[in-house]
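Below sits a lone chain in structure tokens, taken as the form predicted alone.
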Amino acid sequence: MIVDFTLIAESLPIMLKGIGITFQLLIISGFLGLILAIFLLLMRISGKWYLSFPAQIYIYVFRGTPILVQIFIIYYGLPQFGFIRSSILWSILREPMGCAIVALSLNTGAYVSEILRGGVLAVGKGLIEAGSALGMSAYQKFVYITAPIATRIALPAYSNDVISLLKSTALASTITIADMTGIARTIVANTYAPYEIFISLAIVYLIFTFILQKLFGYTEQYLGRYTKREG
């Protein structure tokens, strides 16, 4: 097989024109998903079944079905309902970008919620009891003891989810969004050279993944700077 390096060199700048859309999907969906995850977490740990049970069902559904199926349901399925088209949601769901952000946010929210819950459950009971002994309220114990420790514990798993979200943004190309993957598919359709184009695209994603890993690694080191033992 002869690799056309000239085609790769010509295609990379074109594919990178979609980087803005890729990162819009990543940042907006990541932020909205995190907010949703916090609400789901609070519902799960509320101790009230009528809050915990719906959150569990939501998490089970979105973690138990493929993200691609969720994107198709939101993009192709929801517009079939008249009440959706006549609601305020239609201004978002009528556009492919809005549908992709909604789907990615709902999906990552379910996963991040479980990551955060794992961090909360990993906080030692002795620390909570110490807070009670100091006269701290439940709110103060959560904000000043549980949340900071749980954040540091959950950060490695959360970084993996952000990287997974970055890769999942490629699925937005299936609903006509011209992100990096969407542009790559267009180039393949015009050049009939999938090998060179998709290998190049994979390298681009590897580079961005490496950068994200390093950023989260530095963040973990910073948050854990007071917990290191002197060697």
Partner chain sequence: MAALNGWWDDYFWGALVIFQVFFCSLGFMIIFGLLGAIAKLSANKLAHKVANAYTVAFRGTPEILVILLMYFGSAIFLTAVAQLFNPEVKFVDIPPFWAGTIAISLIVGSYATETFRGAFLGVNPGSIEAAKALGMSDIQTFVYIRIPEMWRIALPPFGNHMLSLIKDTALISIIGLNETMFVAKQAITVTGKPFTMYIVVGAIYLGFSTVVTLSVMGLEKFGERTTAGVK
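Computed from a prediction, not measured in an experiment: that's the story for all the values here. Residue numbers count along the first chain shown, from 1.
Just so it is clear, the following notes concern the form predicted together with the partner chain, a form of the same protein that is not shown.
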Note: the partner chain not shown here; in the predicted complex, the stretch from 71-79, 112-120, 85-93, 98-106 having heavy atoms within 4.5 Å of it is 71-79
Within 4.5 Å of the partner chain in the predicted complex, all of R185, L201 and Y205 (non-hydrogen atom):
yes
Give a yes/no on whether L171 approaches the partner chain to within 4.5 Å in the predicted complex, heavy atoms considered.
yes
Report yes if any heavy atom of G64 sits within 4.5 Å of a heavy atom of the partner chain in the predicted complex; otherwise report no.
yes
State yes or no: in the predicted complex, is some non-hydrogen atom of S29 no more than 4.5 angstroms from a non-hydrogen atom of the partner chain?
no
Is there a non-hydrogen atom of Y50 within 4.5 angstroms of a non-hydrogen atom of the partner chain in the predicted complex?
no
The listed residue (L36, A178, A55, I163) that reaches within 4.5 Å of the partner chain in the predicted complex by any heavy atom is I163
